[in-house]
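Below you'll find only one chain, the form predicted alone, shown as structure tokens.
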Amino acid sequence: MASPLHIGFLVFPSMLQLDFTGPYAVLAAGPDAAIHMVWKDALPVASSDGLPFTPTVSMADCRRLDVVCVPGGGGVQALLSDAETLEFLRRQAAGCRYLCSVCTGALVLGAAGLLRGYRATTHWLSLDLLPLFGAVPQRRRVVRDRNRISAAGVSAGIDMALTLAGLLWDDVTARSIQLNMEYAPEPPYACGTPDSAPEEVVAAVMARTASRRAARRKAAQAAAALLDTGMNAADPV
């Protein structure tokens, strides 16, 4: 009997729930997957839209994981300077098979020093922040570079998880999961990227998110400065 694959998702206050639940639905359907929801303690955390999640294990008690995945969302800003979270990710990265991110979760991996010299992607509104951490930004939905796999914004996490399923198991298993989910998107609008969206829609999103982006840039710059001074430095694994 095959040993289970231990897959851990970082869950944290104000994460974007679809960043987590999309990949969770894919990977939990794997034939031998043991899913862990990791945070500092076992108290429930609320996503950015108020949906609560209860962690299953603390960072201190978490076993060695085969896969680590970091979602994004508004709570990312706090994580960029959170020493306990960054050290947990470094410890796990030293031995895991795959280190993954969804949306702005890539910035957290970057703040831990785990994307230096790696190609990566993130939400289009934050793609320009990746070079602060020594990453090479790619305007793609899913990017794999060695054992790092990153997804662009939110819904791209499902694509990332299906890619990962093919690597962890095989293509037949991954395709079976996709078919069972009936994942065959046909969005009502051709508006899912800044390249396909009308200019006025892009402008509206940029205006609406201006203060959030400014706060995220400030937090990312501070985290990058700590890396540069060696306070949070970690060699690529």
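Numbers follow the displayed sequence, beginning with 1. Here the structure is a predicted model, which means the values were calculated and not measured.
Another form exists, predicted in complex with another copy of the chain; not displayed. Remarks below refer to it.
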Exactly one of L179, A60, L43, A207 comes within 4.5 Å of another copy of the chain in the model of the complex through a heavy atom, and that residue is L179
Only one of 128-136, 107-115, 151-159, 81-89 has residues with a heavy atom within 4.5 Å of another copy of the chain in the model of the complex, and that stretch is 151-159
Handout entry: Close approach of A225 to another copy of the chain in the model of the complex, 4.5 Å, heavy atom
Key = no
Classify L18 as contacting or not contacting another copy of the chain in the model of the complex by the rule of any non-hydrogen atom within 4.5 angstroms, answering yes or no. yes
Practice prompt. Would you please decide whether A34 lies within 4.5 angstroms of another copy of the chain in the model of the complex, comparing each non-hydrogen atom pair?
Written response: no
_Check Q77 for me: does it contact another copy of the chain in the model of the complex (non-hydrogen atoms, 4.5 angstroms)?_
no
When another copy of the chain is considered in the model of the complex, the residues of 89-111 having a heavy atom within 4.5 Å of it are none
